[in-house]
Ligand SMILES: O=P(O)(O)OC[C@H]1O[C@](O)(CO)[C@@H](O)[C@@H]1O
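First, one chain by itself: the form predicted alone, in structure tokens.
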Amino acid sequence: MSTTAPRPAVVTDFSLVTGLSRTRKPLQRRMSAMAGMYADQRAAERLAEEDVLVYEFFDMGVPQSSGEVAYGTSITYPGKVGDEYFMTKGHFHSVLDTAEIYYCLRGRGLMMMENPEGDVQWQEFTPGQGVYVPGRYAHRSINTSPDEPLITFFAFPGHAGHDYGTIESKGFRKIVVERDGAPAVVDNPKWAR
């Protein structure tokens, strides 16, 4: 017989159309917090003056411990910095071997992934498609639509944690830019070895 007190179920709300929650407050990333992440620094600085909202996400408040599943929604807005599409900051998990799943609810874009050894992968997001991010891979969502938000549902182990610092200091090896009216994956001119 277990002596552990029962834990209550967690009930959350979010729209499958907008990704928004009526009861949770979003965590927002504006251009002022993202300017250094883009290759075209001058264009990023101009948008930082306007402090454009690049993306927001809703953490549904599940305990950050082993055995739990953290989840929420992420909304990456349409836009570009120079010719580079709006994106999330991107992160590794603090517990490097933990994976994450993203399910596209609306919009289109790419999931960029990279491991510490230098393997780079990307997968397309379209509505109804899930992208599994393996453990050991940093990942970021990139909105390639000119006029529609990229809305995803995500879930990962509660104890995984987030390491944003590595990406802030090094960046990703590849970036996604518009070339001839379509997304193209190219080498990041700012990538630090």
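All residue numbers are counted from 1 along the displayed sequence. Keep in mind it's a predicted model, so treat the numbers as computed, not measured.
The protein also exists as the form predicted together with this ligand; that form is not presented, and the subsequent description refers to it.
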item	value
This ligand contact in the model of the complex: residue 102, any heavy atom under 4.5 Å	yes
4.5 angstroms heavy atom contact with this ligand in the model of the complex for residue 79	no
Touches this ligand in the model of the complex: residue 106 (any heavy atom, 4.5 Å)	no
This ligand contact in the model of the complex: residue 137, any heavy atom under 4.5 Å	no
Candidate stretches 46-54, 61-69, 149-157, 123-131, one within 4.5 Å of this ligand in the model of the complex by heavy atom	149-157
Members of 87-119 lying within 4.5 angstroms of this ligand, judged by heavy atom, in the model of the complex	88, 89, 90, 91, 93, 100, 102
